[in-house]
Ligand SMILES: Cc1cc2nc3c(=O)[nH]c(=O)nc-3n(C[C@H](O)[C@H](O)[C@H](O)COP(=O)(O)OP(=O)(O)OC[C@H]3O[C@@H](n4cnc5c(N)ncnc54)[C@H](O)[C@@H]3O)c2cc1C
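The data below hold one chain only, encoded as structure tokens and taken in the form predicted alone.
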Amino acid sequence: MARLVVAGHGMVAARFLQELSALGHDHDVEVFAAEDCEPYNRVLLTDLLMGTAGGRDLRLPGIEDPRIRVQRGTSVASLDRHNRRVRTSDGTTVGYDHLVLATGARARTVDLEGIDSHQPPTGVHVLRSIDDAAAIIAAASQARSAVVLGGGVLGLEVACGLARRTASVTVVHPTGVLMDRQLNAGACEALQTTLAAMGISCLLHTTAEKVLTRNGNLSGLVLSDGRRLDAELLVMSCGTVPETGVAQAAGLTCAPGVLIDADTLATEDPLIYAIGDCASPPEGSSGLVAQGWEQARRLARLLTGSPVAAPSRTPAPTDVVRVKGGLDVVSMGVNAAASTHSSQRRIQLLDASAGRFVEVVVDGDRIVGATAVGAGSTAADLTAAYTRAIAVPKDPAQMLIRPSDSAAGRTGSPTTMPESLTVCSCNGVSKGDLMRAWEAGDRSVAEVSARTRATTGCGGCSDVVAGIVEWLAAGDPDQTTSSGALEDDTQRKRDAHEMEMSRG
């Protein structure tokens, strides 16, 4: 029996082990998990801050396989490629026939005057783990003012969570556009209107240079433009850095993650693979969990000799970004501000004072990119048209001003949704997949989700999935009421407000 060692036990590693077990593998698997808790959905950490999820909502499905052993609280510290052995943080040496690196990424921090990296002042945090979330929640309950460094997707979600717990929240962002990887100036202007209504201030074109402390506690920040901010809580949201220390020390090429082959997911050492945030495939890392989960599925099939399709050289349209926290921001495909192809058209609607912005990038008769701020129903139509490659109307402006007549059709009602419509982008689950789960006997959101994995990624599809299950229950003659079908989901939503930080 081949010995397989897995370094890491986060979202992607957990999915890999599930796939491996389901395929009936013939491996002796040893997993080393740096955290001493059960694996959890890291994408939903901001939901903890917002109070819309509790600890149990983050738990990933467990696995019962006697051939898979998980050593919690223990990480791989070094790698001996010549002798095919790893040394763990507790000094144990373990041999391997195959090694999977799934070490993820760490939060990127910035060097600020006044911060000792060995003993930072109380009140300075990052958000990367469930322990980080617990610490931020505890600090926010005592802080009168908070600052978030970084106005990307995570930073804005953190700000929304803090705004529900702290009197004053300020986002400091180095460029002139929030979420500048997805939005342009018009979208940012509309977004700032919504943020201001939530009590969140934004300072653009500046960053922090120095922290001020009082008795070891954070008391304020000095910005690069000379301004001073009062702050008792600082959350750095400046992106992530792939965890490649062990790989680099072993001589594996990293740029910035561990370089892997597109087909085999192997590094330059054919016995070592890398998946998830620590890996750099030839097409680049999207930063979205869907890419890591696809790598997990593919590697499990490769290691078990199961049939596996060749990866597409054209990225599938799974790059839909949704921002949680009540901001109603959706972005997909080409960023209109960066569009340079002469064949592409850009159509825009801006009503900044109402916090509304819609922009569509069209190439020929297809949507290749879209952004919607404060326009939920329009965003649903555009998402459907983009992911399904539906032909746009002769006058694309109709998609902005008359979404109900757009090419995507009415996507808000399950009755009119096509079965092929992708409901969960993270896992590629369609309305038809949910219907087939219902036909197989699943009668609650929890059961449907367990079978299809819908809602288990970013969680942005939870309301749509619940609506489809309710619609199916209402049309099922064997169901006397839809409330029974949704009992588990009702309990889930009730539990989401308990804010328990359970471990394992």
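Numbering starts at 1 and runs along the sequence shown. Everything numeric here is computed off the predicted structure, so don't read it as measured data.
This next part talks about the form predicted together with this ligand, which is not shown.
Interface residue remark: V289 is counted as part of the site for this ligand in the model of the complex, having a heavy atom within 4.5 Å. For the chain shown alone, V148 is not a contact residue for this ligand in the model of the complex, no non-hydrogen atom being within 4.5 angstroms. This ligand in the model of the complex comes within 4.5 Å of no heavy atom belonging to G369. Heavy atoms of R322 reach within 4.5 Å of this ligand in the model of the complex, making it an interface residue. In plain terms, the part of the chain that comes close to this ligand in the model of the complex, with a heavy atom within 4.5 Å, is 69-77 out of 69-77, 425-433, 178-186, 297-305.
The putative spot formed by F32, L45 and R128 is fully lined by this ligand in the model of the complex; each residue has a non-hydrogen atom within 4.5 angstroms of it. Listed residues V246, L259, A163, V392 were compared with this ligand in the model of the complex; V246 is the one with a heavy atom within 4.5 Å.
This chain is drawn without this ligand; in the model of the complex, the residue among A102, V373, A159, L382 with a heavy atom within 4.5 Å of it is A102. Applying a 4.5 Å heavy atom cutoff to this ligand in the model of the complex picks out no residue from 107-125.
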